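Okay, here we've got a single chain as structure tokens, the form predicted on its own, with questions on binding and movement later.
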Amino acid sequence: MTEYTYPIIFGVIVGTLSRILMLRTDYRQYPTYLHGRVIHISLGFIAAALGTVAVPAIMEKEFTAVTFLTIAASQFREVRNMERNTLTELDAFEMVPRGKTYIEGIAVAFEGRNYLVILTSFMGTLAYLVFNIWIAVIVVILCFIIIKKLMSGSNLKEIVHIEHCPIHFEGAGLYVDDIYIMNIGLPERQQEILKYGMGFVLTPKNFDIRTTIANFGQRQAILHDVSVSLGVFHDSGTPALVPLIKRDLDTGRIGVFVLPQDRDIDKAITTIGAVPVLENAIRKPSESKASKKEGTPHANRESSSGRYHNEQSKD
């Protein structure tokens, strides 16, 4: 045993624990199978070992050992590709697919979590060697708090107002509030949709969010999460019963049409509000140079547009 034995064991244990902390199964049902958990915990153990061993290597002035971290980075990128390919293959068999944007977000999250494991192991081992085990425990707790913070991204309820609006037909046109969804000509389908369908309108809280919720990937994520959480009244060969989201071009609002098996309005609003805001869908047009040169905050245009829409609705 050397002076590095206990710090290395400590770093590997806390790093693996941090990966287990981040490996959770929720309504997205992934990863639920045992082999998937084993794969991710094993990769977390490897990441913890790499982050831990780097500290004694630096202290012994073996700086070439740090190059192993670059190899680890390339391997974790392969993990990202593996997750992307797996979920893409599985997506073809979903009743309501996740969409490529959602899948890419999940793949990026799995890659990023391995880097957080390396950071936790590195900081824990460094604190153990420089100070003592009690300082190392405090550092690891701080790392766990940071990990929990980084894992919790924003949700839709933070950026939009969600309102339930009953669906209705105007001739053959299906509407959610005043947002046109699609054309349904068969009276039998119209009766099914009126019986099982639900409509919601998502109103953006500022100008930037208009672009974010207009993203097709973000819209598909909403439909997928609602369908997974509340079920879906739909089967193959019935295109008229496919959930859809359409956009109001004047105001940037989006109308959500779903056919859930559990038609609880409060539960549906809660589910939509909990949909994660996808990193790849976030846009900030107000930060562009052209917008700043105008000198007119987008918020003003947003409120003006909203007033114009309300006046039109009153007319």
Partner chain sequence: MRIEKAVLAVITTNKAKIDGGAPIFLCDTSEEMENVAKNLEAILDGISHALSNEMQIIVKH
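Positions refer to the first chain, counted from 1. Because the structure is a prediction, the values reported are computed rather than measured.
Another form exists, predicted in complex with the partner chain; not displayed. Remarks below refer to it.
Among heavy atoms of Q191, none comes within 4.5 Å of the partner chain in the model of the complex. The closest heavy atom approach of P166 to the partner chain in the model of the complex falls outside 4.5 Å. Contact check for S152: no non-hydrogen atom falls within 4.5 Å of the partner chain in the model of the complex. When contacts are judged by a 4.5 Å heavy atom cut-off, N183 counts as touching the partner chain in the model of the complex. Of the stretches 131 to 139, 104 to 112, 231 to 239, 206 to 214, only 231 to 239 has residues with a heavy atom within 4.5 Å of the partner chain in the model of the complex. Of the candidates L90, I71, A172, I145, A172 is the one whose heavy atoms come within 4.5 Å of the partner chain in the model of the complex; the others do not. The partner is not shown here, and in the model of the complex the stretch 101 to 126 never reaches within 4.5 angstroms of the partner chain through any heavy atom.
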